[in-house]
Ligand code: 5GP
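Quick setup: one chain, the form predicted on its own, written in structure tokens, and binding and motion questions come after.
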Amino acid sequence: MEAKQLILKARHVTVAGHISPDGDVIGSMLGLGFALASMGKEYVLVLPDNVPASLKFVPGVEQIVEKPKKLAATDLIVALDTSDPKRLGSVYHDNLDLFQSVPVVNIDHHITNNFVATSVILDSSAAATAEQIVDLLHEMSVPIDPTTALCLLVGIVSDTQCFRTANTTSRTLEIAVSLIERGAPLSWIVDCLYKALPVSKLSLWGNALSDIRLSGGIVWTCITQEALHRCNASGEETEGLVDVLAGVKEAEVAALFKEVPGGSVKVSLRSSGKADVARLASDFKGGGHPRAAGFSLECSLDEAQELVIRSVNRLLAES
């Protein structure tokens, strides 16, 4: 495996994650970081955005460098859970010279991946990038200690919504069991991810759920900047809401429209399985999985709803 050789050869590794970081990318970055440390390698973990408050419980999170201006010299860049280099945000745009001068390894599980790198480890059957990191460490004969196991299990539990997503396989469960056997505390991780909910998040969700709309097999709602301010909530507290919408039995597709400062709208889609929302997201320069995808639109909230609902109706008609 070329990626394996590049990592083993490197003395210093820069590990990069995507914009709007989630549990999978945070857990994968930290898990790989602790593994690199055990191999005696120097490394730095970088993100183009801040670590969400809901993920500050993960061990080692304080070592992640948020919004770096310029990356230091390195032997290798490893981009995790990222289907396109543009998803690395400022980490990529502000360091194009570095990305073009050193080897880049991309480890990802999104079927929409179009990342051109020195070596790409792409497995769309993996439920999480953290699952791929476990396999990679085994390939390199790197032992997984309890802290590394904890971080990687955070990634898997987060991306599978606690083993509930359609892409959760027997292999996913086998890997999770192996991490638990190495000391990862599953129940504690689940409590941290799903039970420590701030009042502001519940208030925001209540506001959004009171305004859900259902039409032609599509259920959707919106999060406005005004609602965020009124509920004293942060943008990251919308995480998980679209999955609640996806539980509506009358709907084939669920959509969440989130107003973003600057005049854009973030769209998150979920499918019950009939429609391939990754295909739709790709049309809007986004990405994801057949059952879970997203993208951003430079338009008003009303325009975004009209455009996306029309596109989803067309997708359902073709499915």
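In this text the structure is predicted, and so the values were computed from the model without any measurement. One rule holds for the numbers: they count along the sequence shown, beginning at 1.
A second form of this protein, the form predicted in complex with the named molecule, is not displayed here; the remarks below concern that form.
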Whether P21, S54 and K201 all lie within 4.5 angstroms of the named molecule in the model of the complex by heavy atom: no
is_contact(S296, the named molecule) in the model of the complex, heavy atom dist at most 4.5 Å: yes
S83: touches the named molecule in the model of the complex, heavy atom cutoff 4.5 angstroms: yes
R279 within 4.5 Å of the named molecule in the model of the complex, heavy atoms: no
The named molecule contact in the model of the complex: K41, any heavy atom under 4.5 Å: no
Stretch in contact, per heavy atom within 4.5 angstroms of the named molecule in the model of the complex, of 28 to 36, 266 to 274, 41 to 49, 66 to 74: 266 to 274
Residues from 110 to 136 in contact with the named molecule (non-hydrogen atom within 4.5 Å) in the model of the complex: H110
